[in-house]
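Next up: a single chain in structure tokens, the form predicted alone.
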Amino acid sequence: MPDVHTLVNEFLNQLKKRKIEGSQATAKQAAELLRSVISQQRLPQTHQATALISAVRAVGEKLIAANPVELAVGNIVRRVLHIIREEDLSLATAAIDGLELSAVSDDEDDVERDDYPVLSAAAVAAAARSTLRPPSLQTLLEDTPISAAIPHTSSSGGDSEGKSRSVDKSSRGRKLKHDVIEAVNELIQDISTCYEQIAEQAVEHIHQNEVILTLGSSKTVLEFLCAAKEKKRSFKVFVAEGAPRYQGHLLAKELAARGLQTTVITDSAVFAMISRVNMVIVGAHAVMANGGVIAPVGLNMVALAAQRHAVPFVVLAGSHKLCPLYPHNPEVLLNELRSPSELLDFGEFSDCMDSASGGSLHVVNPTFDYVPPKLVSLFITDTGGHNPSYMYRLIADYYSADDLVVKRRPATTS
């Protein structure tokens, strides 16, 4: 297995040089990297969760700084930190339940609590399965009874008891790492299948003979529209070209190749065509905690046009794009400027850009727009459809309040 420092440096270079296209690919690679960090992290005898959190924070801080505008990286770092906290809490809860079970089943009431050995990993797992979910047939066949898994021993063997405690702490650390890695694997799987999960809901929202408007190019939107077409829905799609990169041309070509009736319009024609549209369906770069959307430039104009003509404005976004921060947070970089060469040819306008000639021409080429939550009608994620006012509750299920600021604060000395 490659050294974790090599993997981190390679991913940092990719982020800094913008070699990874799309939030999904970025989020998936970030999760895979953090999985490697966790698997190669050596845990101490105590405070294993704290050690994992510190290791993930140290790497996550570098990843976020490498490309602050790609909020999916910070989202994944915070998701993994939340997973570590949840798995540690689950193991602690199971251990406490196991202690209570052993105390109830013990006939010698005068034996001190300290006489019990630390729970083994098998006992903890059995207690967790019995208390957190109904037992399956496989569980019943594999698990040993709780009373048998937690033997009662006397306190006469001090040396053996110390060794047992050490071994059980080590096994608990291995169990924590194993459970965290399994949960991160599930996260990676969710990121990989988010397109399919969102596309399955298309038939519930797109109806016969409707006209759909979108802007630019989004794979999520592409799969969503094509899924409705496969369900025998007949509808038309207007694609605003998304200048200056003109990603809408690519989306229109893909839609036409899959048999959808597609019309390309200029961005400036959105207000002229919106009265003929039944629904606006767009992708997003990130969804903020207040329900606001960071989206490709031009979408705020589309949202305003939709609101003016009472057209539903629907945003498709995988759960890895849900950001627990608010737009006003200092950690959030709302925009970045792309190269002026996408707008103007330097050869033709070099005289205008020369300040020595007396005048100067400046070119501003922003990448994103911010769409406030009041302009959004519905969010469709891989977990279902949600109103903008519900997003903060959905986000609370994925993140811990302690992890909103990933950057470690320097210790203050008095």
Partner chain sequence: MKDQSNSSKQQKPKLTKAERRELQEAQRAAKAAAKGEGNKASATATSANARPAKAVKPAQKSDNASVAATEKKGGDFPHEKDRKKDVPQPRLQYDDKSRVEKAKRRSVVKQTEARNRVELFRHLPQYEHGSQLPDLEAKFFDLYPMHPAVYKVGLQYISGDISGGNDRCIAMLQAFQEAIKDYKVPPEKSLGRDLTAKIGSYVSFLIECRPLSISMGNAIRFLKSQIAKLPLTLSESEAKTSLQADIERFISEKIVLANKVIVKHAVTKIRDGDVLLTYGSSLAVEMILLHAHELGKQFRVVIVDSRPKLRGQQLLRRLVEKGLNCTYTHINGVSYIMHEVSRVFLGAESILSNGTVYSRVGTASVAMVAHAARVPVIVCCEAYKFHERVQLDSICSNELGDPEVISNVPGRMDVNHLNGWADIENLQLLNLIYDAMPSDYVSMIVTDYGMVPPTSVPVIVREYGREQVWI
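Positions refer to the first chain, counted from 1. Keep in mind it's a predicted model, so treat the numbers as computed, not measured.
If you look for the form predicted together with its partner chain, you will not find it shown, but the lines that follow are about it.
Participant: Among the candidate stretches 72-80, 256-264, 287-295, 185-193, which one is within 4.5 Å of its partner chain in the predicted bound form when only heavy atoms are counted?
Facilitator: This holds for exactly one stretch, 256-264.
Participant: Tell me, out of V363, A65, L378, A51, which residue has a non-hydrogen atom within 4.5 angstroms of its partner chain in the predicted bound form.
Facilitator: Partner contact (heavy atom, 4.5 Å) among the options: V363.
Participant: Report the residue, out of H207, R276, K232, R174, that has at least one non-hydrogen atom within 4.5 angstroms of its partner chain in the predicted bound form.
Facilitator: Selected residue: R276.
Participant: Let me test this: is every residue among R245, L344 and D369 within 4.5 Å of its partner chain in the predicted bound form, going by heavy atom positions?
Facilitator: Judged in the predicted bound form, R245, L344 and D369 all sit within 4.5 Å of its partner chain.
Participant: Closest heavy atom of L337 to its partner chain in the predicted bound form, within 4.5 Å or not?
Facilitator: Taking the distances in the predicted bound form, the answer for L337 is yes, it comes within 4.5 Å of its partner chain.
Participant: Answer with yes or no whether C352 is in contact with its partner chain in the predicted bound form, where contact means some heavy atom within 4.5 Å.
Facilitator: Contact check for C352: yes, within 4.5 Å of its partner chain in the predicted bound form.
Participant: Considering only heavy atoms, tell me if S90 and its partner chain come within 4.5 Å of each other in the predicted bound form.
Facilitator: The answer is no: S90 has no heavy atom within 4.5 Å of its partner chain.
Participant: With heavy atoms only and a cut-off of 4.5 Å, decide whether H178 touches its partner chain in the predicted bound form.
Facilitator: Output for H178 is no: heavy atoms all beyond 4.5 Å of its partner chain.
Participant: Within 280-305, which residues have a heavy atom closer than or equal to 4.5 Å from its partner chain in the predicted bound form?
Facilitator: Sequence-ordered list: V297, G298, N300, M301, L304, A305.
Participant: Kindly indicate if, in the predicted bound form, the C-alpha atoms of T193 and V332 are closer or farther apart than in the structure shown, bearing in mind the change is 3 Å or more.
Facilitator: Compared with this form, T193 and V332 lie farther apart in the predicted bound form.
Participant: Would you mind telling me if N75 and L333 are closer or farther apart in the predicted bound form than in the shown form, C-alpha to C-alpha, with a 3 Å or larger change?
Facilitator: So the answer is farther.
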